[in-house]
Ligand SMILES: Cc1cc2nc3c(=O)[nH]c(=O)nc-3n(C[C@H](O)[C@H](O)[C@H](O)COP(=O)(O)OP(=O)(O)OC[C@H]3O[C@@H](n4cnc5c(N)ncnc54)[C@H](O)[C@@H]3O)c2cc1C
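Consider the single chain below, provided in structure tokens and representing the form predicted alone.
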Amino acid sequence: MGVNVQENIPLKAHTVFKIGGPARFFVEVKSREELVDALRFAGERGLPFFILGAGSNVLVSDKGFDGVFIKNSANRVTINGEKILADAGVMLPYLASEAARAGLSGFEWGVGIPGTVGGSVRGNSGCFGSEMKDVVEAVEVFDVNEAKSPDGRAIEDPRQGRDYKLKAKSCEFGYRDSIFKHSPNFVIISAVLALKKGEPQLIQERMKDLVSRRVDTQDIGAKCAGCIFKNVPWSRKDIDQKALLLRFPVLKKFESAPGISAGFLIDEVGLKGQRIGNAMISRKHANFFINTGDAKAEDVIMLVALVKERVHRKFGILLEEEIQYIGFE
């Protein structure tokens, strides 16, 4: 075994929310080989596994995770012409800076996402009108050949796995979605981004502008997991755009947009600043929850339920979570 396996490690130290009980086993990996070793460790013991990047967009149970928690810290970045190969553990703001330094445009928005390449590809993360699907050309995958449930149930023998590349069109990217959310046998190793040559000074100015906008609208530095809920696409099967706009004129500001802002809906039901325990809905951005002290996962769960109930009662819209739950039954 080429990795250091630790036991009963508190997961709050490894999530942006700073919430979560202990992992039965914890492994930090920095290469594909170490990742496969960690998967083998889980498989040989019949344990569930979960792969973590930056620790954003997740909520870990107060009871922790009864399996193998794998923190992917692989951070290789290789630039070849207008393409960038980045390991799954590379932070997006760092990758955006490296692209800018190389005079490559199209990924300036990545500076606004506090996540890793792997997690962002999996969730098709995006901001400022762009998404990972806009820049991803291919994804290197390790297939453990044992498809289980999305929470990472046990694999049997990862030594039988194999590496291959999925072209972007095979990744089934959708709004905050991809094939990887539904195929836990696919473990993301790295991704190739296809960008375009640009003027370095203009790229840097664009990034500074995006950082400024983010600081103005989000609680930077707070113990916050990012957006709790997905925005509501007009294309959702249960959404009748015409009826909603007729009934709620306040939503007409989103008529030409892809959908309705979840933060706007939460603000409209008067929940900015609402607290349960030490979890609070941000006064700056209503789709952000903040751990104001030693918040528990249960505090966040109750706040999520409150928001969903209030928004549904007023607008008839059921909000869907963007964060991923870990360790819950």
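Don't overthink the numbering: it's just position in the shown sequence, from 1. On a predicted model such as this, the values are computed, not experimentally measured, just so you know.
Omitted from view is the form predicted together with this ligand, to which the following refers.
Asks: Tell me, which of Ala286, Ala279, Val304, Val58 has a heavy atom within 4.5 angstroms of this ligand in the model of the complex?
Replies: Exactly one listed residue reaches within 4.5 Å, namely Val58.
Asks: Residues in which of 198 to 206, 112 to 120, 165 to 173, 233 to 241 have heavy atoms within 4.5 Å of this ligand in the model of the complex?
Replies: Among the listed stretches, the partner-contacting one is 112 to 120.
Asks: Since only the chain is shown here, I'm wondering whether Ile51 would be in contact with this ligand in the model of the complex (any heavy atom pair within 4.5 Å).
Replies: Looking in the model of the complex, residue contacts with this ligand include Ile51, since a heavy atom lies within 4.5 Å.
Asks: Although the partner isn't part of this model, could you tell me whether Ala96 comes within 4.5 Å of this ligand in the model of the complex, counting any heavy atom of the residue?
Replies: Outside the cut-off, so no.
Asks: Mark Gly126 yes when one of its heavy atoms lies within 4.5 Å of a heavy atom of this ligand in the model of the complex, and no otherwise.
Replies: Although this ligand is absent here, Gly126 would touch it in the model of the complex, with heavy atoms inside 4.5 Å.
Asks: Is Lys133 a contact residue for this ligand in the model of the complex, using a 4.5 Å heavy atom cut-off?
Replies: Contact with this ligand, no.
Asks: Within 209 to 236, which residues come within 4.5 Å of this ligand in the model of the complex, counting heavy atoms only?
Replies: If the 4.5 Å heavy-atom criterion is applied to this ligand in the model of the complex, 209 to 236 yields Arg214, Gln218, Cys224, Ala225, Gly226.
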